[in-house]
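This document starts with one chain, in the form predicted alone, laid out as C-alpha cells.
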Amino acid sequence: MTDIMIYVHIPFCDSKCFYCNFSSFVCGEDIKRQYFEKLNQEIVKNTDKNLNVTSIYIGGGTPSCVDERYIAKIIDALKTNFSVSKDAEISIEANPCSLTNEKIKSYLKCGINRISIGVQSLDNKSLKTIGRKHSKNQAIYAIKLAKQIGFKNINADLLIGIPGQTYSKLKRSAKLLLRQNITHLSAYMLINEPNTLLTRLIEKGGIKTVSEDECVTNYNKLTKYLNKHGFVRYEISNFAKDNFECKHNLGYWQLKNYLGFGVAAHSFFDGFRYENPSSINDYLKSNFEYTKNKLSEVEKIEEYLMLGLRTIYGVDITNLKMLGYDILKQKDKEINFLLKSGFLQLNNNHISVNSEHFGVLNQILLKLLP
C-alpha cells in the first residue's frame, strides 16, 4: 500500500480577519450545505483503498465555525473511501469563539486526535488590532475545555509582528499558553499581504508596524524562552514537546504524497502537483478536473531542499543523489564554508540548518540550490 496524507479545506469563517488573504468566505447555511455535498462527491470520486492514510488535516478558513455534523460526515467519508491507519494523526483547526463543548465531544468521537487553536495573541488590544473576535479569556477557556473533554495533543498559534506588539506582550502570551500545558506551539511572522484590510490601514498611516529587525529579535527571544520550557524548534515556525511534532506538516516538508480536497486545495502525488479551483462558485460547478503540473527534475531537487531544510532533520544526501544532485561534490566550497561558519550541520548523511540560523534560511538556500 502507498502511504498518503489528506488535507481537507473548509473555507468558511464567521468573519474575515484584517490580515487574512487565505481562501476563506463568510457564507450562509445553504452554501455550506452545497459545499459539503460537493466535498463528499470529490472524496468518493477519488476512492482508493490501496492508499494508506497516515494523517488527515482539516484546515481553513475556520472548520470549527460549521456544524460539527458536517465534520463527522467528512471523517466518515474518508474512512469509508480510503484505508485510514489506526494510528493516523487527525487534526482540526478551531477558533476560540466557535469552539463549543458539543463540537469538541463530536470531534473526539469521530476520531480527531489533535486540535489546533487559533489564539494569535493573549493581549486583547492586539486581538482587536488584527480583527480577531475572541478575547484572551475565551482563548484560554477554549484550550482548557479541549483538555478537559479529552484532547491530549493541542496546538496554539501565535502571531509575531502585530502592530503595537512588544516582546513583553509576546512573552506574556506564550507564558499563559504554556501554563495551559499545550503540547505544540506555532509562531508565525505576520505578513502584510496585499489587498487585506490591515495593509490598507497601514498604508493610510492609521497603524504603525513593528520593524522587521524587531520582529526577528522578538522571535529569537521567544525561541530561547520556549526552549527553556521544553519546546524544541523543529521547523522554522513550529515548536513542540518531545514526540508531539505535527506529523502531517512534517510530511509536507519531507515532500511526501498528499491529496487535497475542497476549494483551493492542492495535491502532490508521484511527482505531479494538482490544484483545485480557488473560487467557491467554480468549485461547486466543477467536475473535479484539476490543474495538473509535473515537477521537473530540477524542481524536485529545489523543493526537496527548500522544504527539508526548514526542519531540524534536514535533507538526506542519498535522496539528493537519487534525484541527480550530488550536493557534496557540486557545492563543496559552499558547504564547507557554511559548515565552518556554523550555519549547517552534517550528521548521519543528513545536511541540516542550525536552528539558530533559520532566520537566514533563504540566504543559505541560495548557496545550495543547483
Partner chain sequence: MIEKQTNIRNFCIIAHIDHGKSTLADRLIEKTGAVATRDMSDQLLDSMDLERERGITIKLTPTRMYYTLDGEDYILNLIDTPGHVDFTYEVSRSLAACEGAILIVDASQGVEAQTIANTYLAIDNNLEILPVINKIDLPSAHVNRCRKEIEDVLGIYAQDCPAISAKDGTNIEEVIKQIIEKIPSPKGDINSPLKALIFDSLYDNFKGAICFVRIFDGQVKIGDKIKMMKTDKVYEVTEVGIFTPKMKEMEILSSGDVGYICASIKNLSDTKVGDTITNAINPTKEPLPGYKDVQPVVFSGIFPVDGAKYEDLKDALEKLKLNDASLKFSPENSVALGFGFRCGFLGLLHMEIITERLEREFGLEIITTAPSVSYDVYKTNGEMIEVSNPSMLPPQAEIERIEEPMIKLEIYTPPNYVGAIMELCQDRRGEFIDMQYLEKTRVVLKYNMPLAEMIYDFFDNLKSRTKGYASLDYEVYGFKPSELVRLDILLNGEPCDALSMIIHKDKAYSRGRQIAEKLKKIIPRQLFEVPIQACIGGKVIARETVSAMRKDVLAKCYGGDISRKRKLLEKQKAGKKRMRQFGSVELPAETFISILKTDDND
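Computed from a predicted model, the values in this text were never measured in an experiment. Numbering follows the first chain given and starts at 1.
A second form of this protein, the form predicted in complex with its partner chain, is not displayed here; the remarks below concern that form.
Asks: If you check in the model of the complex, do Lys228, Tyr234 and Tyr325 all have a non-hydrogen atom within 4.5 Å of its partner chain?
Replies: Not a single listed residue reaches its partner chain in the model of the complex, so no.
Asks: Looking at 141-149, 216-224, 164-172, 79-87, which lies within 4.5 angstroms of its partner chain in the model of the complex, counting heavy atoms?
Replies: Stretch 216-224 is the one.
Asks: Heavy atom within 4.5 Å of its partner chain in the model of the complex: which of Leu108, Met189, Leu176, Leu201 fits that? Just give me the one.
Replies: If I apply the 4.5 Å criterion carefully, the residue I get is Met189.
Asks: Are any of the heavy atoms in Glu212 no more than 4.5 Å from a heavy atom of its partner chain in the model of the complex?
Replies: Heavy-atom contact with its partner chain at 4.5 Å: present for Glu212.
Asks: Is Leu51 a contact residue for its partner chain in the model of the complex, using a 4.5 Å heavy atom cut-off?
Replies: Leu51: no, not in contact with its partner chain in the model of the complex.
Asks: Residue-level contact is defined here as any heavy atom of the residue lying within 4.5 Å of its partner chain in the model of the complex; does Glu68 satisfy this criterion?
Replies: Although its partner chain is absent here, Glu68 would stay clear of it in the model of the complex, with no heavy atoms inside 4.5 Å.
Asks: Can any non-hydrogen atom of Asn347 be found within 4.5 angstroms of its partner chain in the model of the complex?
Replies: Heavy-atom contact with its partner chain at 4.5 Å: absent for Asn347.
Asks: Though the partner is not shown here, which residues of 326-365 have a heavy atom within 4.5 Å of its partner chain in the model of the complex?
Replies: Contacting residues: Phe337, Leu338, Phe343, Phe358, Gly359, Val360, Leu361, Asn362, Gln363, Ile364, Leu365.
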